[in-house]
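Only one chain comes next, encoded as structure tokens, the form predicted alone.
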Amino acid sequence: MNYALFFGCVIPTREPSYEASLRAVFKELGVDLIDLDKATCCAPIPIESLDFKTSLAIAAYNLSLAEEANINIMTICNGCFQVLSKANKTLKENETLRTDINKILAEVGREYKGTVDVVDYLQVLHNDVTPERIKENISKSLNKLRVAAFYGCHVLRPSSVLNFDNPEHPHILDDLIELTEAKSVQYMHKTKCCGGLLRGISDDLASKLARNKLFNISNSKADCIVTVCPFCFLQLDVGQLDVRRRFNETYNLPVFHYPELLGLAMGIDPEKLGLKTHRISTESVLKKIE
């Protein structure tokens, strides 16, 4: 199995542990990750709202890199997954629009052909690697942990385009968490937005949404939170410091990217997973699985 790895912008610049843990876990599982040379920003949702064709052209440029390598593109960012999936579907189905976009791409010597698919890394783990193979690589039980799964918004919706999971009752992340023998706990407003993309637009509202998410997760008696979206991670990890300052409430809930949790269950050294880069200490979780 091999995939063209698309990181997006936030992960390489702000979340090195996400990249480190993903590479370590996928190497152990025998999945080859091919870096796309000259990949750019995916042209996230705000760009689409400003200029639709520009956003499509940028997404199509990145897709064309995977096409040139003749390999499907795998994302580890919810926003990138949504943007690239929507663009790929739109351009595959609309010949007129595809022609217009290829005129733009021709200026930089690229062409979009519509020959690859976009997948999220959880789909790769769940559908391609398979739970059975993952379990074979588990060497340390996390059965003392109660984990709150948080999917975020842009990996689930629009569901008719993304076809990732049931948008109202998703289960893929919960299933993958429980492969480590940890308990995936339920909590109120599980699929409600964390407010991450509101930062810089309405910081007060973003903080209130993060506070609500942390409050509900705390009430579930979870030991930690597991996310799959880099913005959600920042909102719930670094965001806890903001919630403490604004509302005088301290949660100290460690937040993990899913590959970090899986890496711990696979016996990978926490140093190699980059856990020390988190703002909320993960020590309380590490002590439970020693």
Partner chain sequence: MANTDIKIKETLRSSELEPNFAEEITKHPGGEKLYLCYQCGSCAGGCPVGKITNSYKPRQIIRMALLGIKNEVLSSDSIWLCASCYTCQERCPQEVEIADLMLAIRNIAAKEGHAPKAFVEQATSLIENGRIPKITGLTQRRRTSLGLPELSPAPADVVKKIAAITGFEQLMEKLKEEAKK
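Residue numbers count along the first chain shown, from 1. Everything quoted here is computed from the prediction, not taken from an experiment.
Omitted from view is the form predicted in complex with its partner chain, to which the following refers.
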Subject >> Proximity to its partner chain in the model of the complex (heavy atom, within 4.5 Å), stretch among 165-173, 142-150, 120-128, 67-75 >> reply: 165-173
**OP:** Report whether the minimum heavy atom distance between residue 99 and its partner chain in the model of the complex is within 4.5 Å.
**Re:** no
**OP:** Could you confirm whether residue 17 comes within 4.5 Å of its partner chain in the model of the complex, counting heavy atoms only?
**Re:** yes
Subject >> residue 34: touches its partner chain in the model of the complex, heavy atom cutoff 4.5 angstroms >> reply: no
**OP:** Could you confirm whether residue 39 comes within 4.5 Å of its partner chain in the model of the complex, counting heavy atoms only?
**Re:** yes
**OP:** Can you work out whether its partner chain is within 4.5 angstroms of a heavy atom in all three of 5, 137 and 230 in the model of the complex?
**Re:** no
**OP:** Residue by residue through 20-50, tell me which have a non-hydrogen atom within 4.5 angstroms of its partner chain in the model of the complex.
**Re:** 20, 23, 38, 39, 40, 41, 44, 45, 46, 47, 48, 49, 50
